[in-house]
Ligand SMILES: Cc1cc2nc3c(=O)[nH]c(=O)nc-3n(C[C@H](O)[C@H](O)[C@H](O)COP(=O)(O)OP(=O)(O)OC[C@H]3O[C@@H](n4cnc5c(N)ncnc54)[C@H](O)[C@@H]3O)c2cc1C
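To begin, one chain is listed below as structure tokens, in the form predicted on its own.
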């Protein structure tokens, strides 16, 4: 049984601009580009890449990438296989298969409409379903790994089909084998999730809890939770829309520090910042302490360093949620990296912490990456 439906040879385009295929609305052209919706299209595209001695790069919904302004010397594969298939249901559980190119938020809306619990807190996250698995998306107490059963993939080197079970995928905070140990090796075709028919409300995050406390609602419905998440996210993470410019969601990862690193940070706050900032840091410690360490929100560090609203060219730190860098119109990849460098170096100089970039950086030379990512 083919991993994707069998069909005709793909149309391969030359010098296709990648900007329209990213939520950042940034990126130069690809030397070659092909939409992939079937098994045969993928096999033929891989054959073409081998004949031209070209690397291949899979670009899904483009919601977690920053692509260079220069031409990407590769064959870019853009998944186009959409669809949602109910595999099995009973009184308690749902098994559902989602094609990799299916818009993630469209699937969440479908699940909520059908009263399937388990992904409602992941509402309003842009991008395709395959890309959602790559970075193990998470928000407001849920992660895709909580409901994942398996993933069907094709090996880009051999063309072989493989099914990975959840425990084989190395899933952790913003991590999977697809962005770590097996990065660039597989084309994700579809994923299978197990959802619940029974209510499993996750209102643990303060923003969500306070939303329903203000409404006086103790047991919100699935749709009420989805609408609340959409409203909360829209205040902080502008959903990428053509008329509003673009962004890649959170541009920086949050930090996990150990006890010694936290005490060093607290000492810096005592030395360089006022009592209010120190009190906020201590509140964060009490709120986000966990077995792996103490989570320090990078948005808090950006704010304390006075970097909210900072702008370079067309790129600007979002005022409402400074984890997000906005393309305010005409931003280049270099604008974004210059802004990110100033933020990371400022935090490192003032707090001794190395903040990591979350989106994948595509098409940049080693020299450019060293220029913008080095702390010294």
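Note that the coordinates shown come from a computational prediction; the quantities given were computed from them, not determined experimentally. Positions refer to the first chain, counted from 1.
The protein also exists as the form predicted together with the ligand; that form is not presented, and the subsequent description refers to it.
This chain lacks the partner; the member of 186, 211, 107, 164 within 4.5 angstroms of the ligand in the predicted bound form by a non-hydrogen atom is 186. Proximity to the ligand in the predicted bound form, defined as a heavy atom within 4.5 Å, singles out one entry of 296, 228, 125, 96, which is 125. Segments offered: 278-286, 127-135, 219-227, 255-263. Contacting the ligand in the predicted bound form at heavy atom distances within 4.5 Å is 127-135. Among residues of the shown chain, residue 248 is one whose heavy atoms approach the ligand to within 4.5 Å in the predicted bound form. When contacts are judged by a 4.5 Å heavy atom cut-off, residue 32 does not count as touching the ligand in the predicted bound form.
Of the heavy atoms in residue 174, some are within 4.5 Å of the ligand in the predicted bound form. The ligand is not shown here, but in the predicted bound form it comes within 4.5 Å of a heavy atom of residue 139. Shown here without the ligand, the chain has 57, 58, 59, 60, 61, 62, 63, 64, 65 in 50-70 lying with a heavy atom within 4.5 Å of that partner in the predicted bound form.
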